[in-house]
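Form predicted on its own, single chain, as structure tokens, below.
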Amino acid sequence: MTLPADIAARFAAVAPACDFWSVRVMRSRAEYLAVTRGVAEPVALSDDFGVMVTVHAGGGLGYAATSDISAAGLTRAGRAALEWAQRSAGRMVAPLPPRSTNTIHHDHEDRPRIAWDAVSRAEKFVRLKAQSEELKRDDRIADWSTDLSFTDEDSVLVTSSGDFIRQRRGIVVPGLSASASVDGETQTRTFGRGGVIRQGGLDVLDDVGFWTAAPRVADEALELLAAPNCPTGEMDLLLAPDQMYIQIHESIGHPLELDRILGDERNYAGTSFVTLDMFGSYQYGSPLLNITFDPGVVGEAASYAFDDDGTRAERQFLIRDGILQKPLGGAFSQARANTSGVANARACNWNRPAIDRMANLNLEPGSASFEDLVSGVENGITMETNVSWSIDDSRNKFQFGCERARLIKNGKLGPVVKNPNYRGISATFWRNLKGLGNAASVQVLGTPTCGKGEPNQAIRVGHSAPPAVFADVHVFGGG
């Protein structure tokens, strides 16, 4: 079998004469298994293998991608990248960032406790069908499904400076869904609605409680059918981690992307209310708000040692004690903006260039237990599991809907309510953060399909967060 490292070595032999070149080789093999209403779906398999060549020449930058990994194909890609670099020379929006003089050699493969293929595909289907039977525990469950996806990703970055960076990892995304229906009304409960994503193997499914979650998911779907609608009003809002992660993603992560702040995404994914002069002084949230860029968290969806430009990744505060510190900008965007950033130049695949992307963006925990958070709320509501979101094109005003909520009265959890929603403005919302769960309450979550860039790049992002309480939030019901 041809390995990414072999392809990188093959390109080095035919690389064009230029100031600098890099070749990024990626192989991604994926497997998707699903059981829908008790019936096994056809297995979906993919094996994607290709190369991205980047060239610096005369102050210009060019790149070209190919799936032709023969010597002739790699030669053509190198020549095409060189031609683009020559055309862009003298027309770049900023000088290319200087390259490190330190040669890097990094070869790492994450080895899970239990490999994905330690259990046969047939046995995986047996277990998924058992989960499916647990979901169909009542005649009112009208639609139900369970699924697993696994991706084995192997990437190698080699440069003309002698760098060799290999990173291999597995990514697991489990799913459960139960929809209960009666008298024309349907309520759906899921296992995180795609937010449960980890690096690892079959061990992930035990760690996140996947194999025991089906009865709870089905029971809560039935419970929602009988629940009253969410009330409307201003109140304290306690968000569970599986809603916090998308709140962080949309109203902190995307606004802090440096290329977006510089205007690159305005005609597609929007701009940002954040401006360059805010860094170092802007009060993004209350003093409880501490957001870290941390690609070193074991098992989180976007953990890595080096980004796709070869920059070493390190834990850094983006927001500390509520004050905005750094943007999410890789080396090229940092050179454009003349500011510091982080190692987050990332590409979703071999046929896309690296751009500024979120990686592991985490909310640091506080000191309160979940029970402490509830006891501090006189009139409020707790919400779980995102179901819908809407945010303006500057990533400022937002509205989110959740699957499930419970009222809180006088420090005690009350009845379940359905169709809960809330809305706010980023600055006001985060400055009203008044309570954070402790380290024991943190959940590691994320998304496998964050979209950005033209052509589009869907990439995985990790978020860990505790539950959090916000004061004076506008809450309302839907239907």
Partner chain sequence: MQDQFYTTADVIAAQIKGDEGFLARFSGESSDFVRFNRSAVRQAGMVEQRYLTLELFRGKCHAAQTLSLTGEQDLDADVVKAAVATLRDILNDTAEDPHFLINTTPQSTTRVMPSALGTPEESVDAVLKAGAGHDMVGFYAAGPIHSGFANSLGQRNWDTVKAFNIDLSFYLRADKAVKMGHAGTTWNAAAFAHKAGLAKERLAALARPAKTIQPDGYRVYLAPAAMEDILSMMSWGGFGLADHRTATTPLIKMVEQGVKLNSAVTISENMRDGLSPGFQNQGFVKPDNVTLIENGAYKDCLVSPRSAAEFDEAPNGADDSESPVALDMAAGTLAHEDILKTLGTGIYVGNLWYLNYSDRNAARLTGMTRFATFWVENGEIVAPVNVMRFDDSIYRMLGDNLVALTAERDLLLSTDTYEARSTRSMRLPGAIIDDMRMTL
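Note that this is a predicted model, so its numbers are computed, not measured. Numbering follows the first chain given and starts at 1.
Just so you know, the form predicted together with the partner chain exists too; it's not on screen, but the next bit is about it.
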item: Candidate site Glu41, Ala80 and Arg423: all three near the partner chain in the predicted bound form by heavy atom within 4.5 Å; value: yes
item: Residue contact check: Thr428 to the partner chain in the predicted bound form, 4.5 Å heavy atom; value: no
item: Residue contact check: Asp110 to the partner chain in the predicted bound form, 4.5 Å heavy atom; value: no
item: Exercise: Phe398 in contact with the partner chain in the predicted bound form, heavy atom 4.5 Å; value: yes
item: Non-hydrogen atom contact Arg37 with the partner chain in the predicted bound form at 4.5 angstroms; value: yes
item: Sole residue of Ala9, Ala17, Val14, Ala458 within 4.5 Å of the partner chain in the predicted bound form, by heavy atom; value: Ala458
item: Residue (of Asp163, Asp154, Glu265, Glu220) lying close to the partner chain in the predicted bound form, criterion heavy atoms within 4.5 Å; value: Glu265
item: Stretch in contact in the predicted bound form with the partner chain, which is absent here, among 363 to 371, 154 to 162, 386 to 394, 198 to 206 (heavy atoms within 4.5 Å); value: 386 to 394
item: Neighbours of the partner chain in the predicted bound form among 105 to 129 [non-hydrogen atom within 4.5 angstroms]; value: Arg121, Ala122
